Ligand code: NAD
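Before any questions on binding or motion, here is one chain by itself as structure tokens, the form predicted alone.
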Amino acid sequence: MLKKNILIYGATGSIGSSVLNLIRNNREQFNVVGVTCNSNIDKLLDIANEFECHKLGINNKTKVQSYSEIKNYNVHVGLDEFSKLIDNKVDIIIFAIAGSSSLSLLMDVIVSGKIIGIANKECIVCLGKTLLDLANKSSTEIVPLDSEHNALFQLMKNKNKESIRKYTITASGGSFLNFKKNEMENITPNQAISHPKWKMGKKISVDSSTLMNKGLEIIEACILFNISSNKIDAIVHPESIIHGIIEFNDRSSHAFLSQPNMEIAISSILFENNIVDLKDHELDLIKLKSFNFFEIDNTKFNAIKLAKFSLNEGGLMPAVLNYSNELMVESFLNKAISFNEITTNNEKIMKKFLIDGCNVQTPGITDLNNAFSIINSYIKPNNSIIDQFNR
């Protein structure tokens, strides 16, 4: 059997760890030919040693000087150098670098003609249509790795899109599902970075607790699958077993069920036709006994409303929401704003951006960077929102 060559951007994060665990248990089928990290060089070197990988990418330029042993590797330093890890031998690229700062790199990856597993909603939200157009021109195949989008991706395989009436993704509801609106005002960063189902980083855990993560996922799904915002919604499903549902015109529905573990979604890009045996993630419906579903309370959690508003306005607005949210989550984690102010400030920033006439309907990277600069100008040095928002 000819081994597949895997390049992993973001190998030291949770997605990268799941990919490597799948490869570790199926070494006869894969070679790891390149791995990158932001600054966790110790873990990156451990990975390189275990998987006999000689091509590394390290984003943090200042930390590199402390590691004399990297002279034994072919090392590319800085995000702008990471695209040099791609060569003709690479079969599959896993793109698991979080945030919109990696957008230029992703544009290079998208034109590679490879199979790409993407676990970066921010880049898709910011410039998704442009990325997909590039992918189509380059014969690049994109496989979404987030559990919800991967669920829809697998459910939609070999289906006539015209027969699908509605798409649904699920949310665990986070830690504050049963809080009252006034109780949410006093939520602390330590409370918000704890998630009942998934082990995630601080930013995405906060997004999960505000349900902004679900709002951004709706934007991503609309872009990835070319569907309108009125055909997709989210519901709360605390058990996190059903990840996506498609409803057909005849009102029958197909649901994707699995344990809440990223290895299951990631396996779809590494193994064809669900052939891998992931016995550690067996789903025992008898033990689960029941599933629960709840409508999302938009008076407490208005992130999905903001996401659909941004989609309907189009152009830069999804990127504006995403970038504004990054800034507000950072402010919340730094205790500069309250939990409820994350989404209320996002709404203020979006509306001001529109009132100021800054939206561009067919944006490129320059337009995106200009938008980020404009949004930054709306923020005071102490991380609070400028006074004119409240006039």
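Keep in mind the model is a prediction, meaning the values are calculated, not measured. Numbers for residues come from their place in the sequence shown, where the first is 1.
If you look for the form predicted in complex with ligand NAD, you will not find it shown, but the lines that follow are about it.
Proximity to ligand NAD in the predicted complex, defined as a heavy atom within 4.5 Å, singles out one entry of N31, N340, N359, N59, which is N59. Among A119, L316, V206, V125, the residue placing a heavy atom within 4.5 Å of ligand NAD in the predicted complex is A119. Between 93 to 101, 283 to 291, 297 to 305, 154 to 162, the stretch whose residues reach within 4.5 angstroms of ligand NAD in the predicted complex through a non-hydrogen atom is 93 to 101.
Within 4.5 Å of ligand NAD in the predicted complex, a heavy atom is found for every one of G13, N38 and G201. Proximity of L131 to ligand NAD in the predicted complex: non-hydrogen atoms within 4.5 Å are absent; the residue sits far from the partner. Though the partner is left out of this view, V77 does not reach within 4.5 Å of ligand NAD in the predicted complex, counting heavy atoms only. At a distance threshold of 4.5 angstroms between non-hydrogen atoms, M262 is in contact with ligand NAD in the predicted complex.
In the predicted complex, D146 is the single residue of 124 to 153 with at least one heavy atom within 4.5 Å of ligand NAD.
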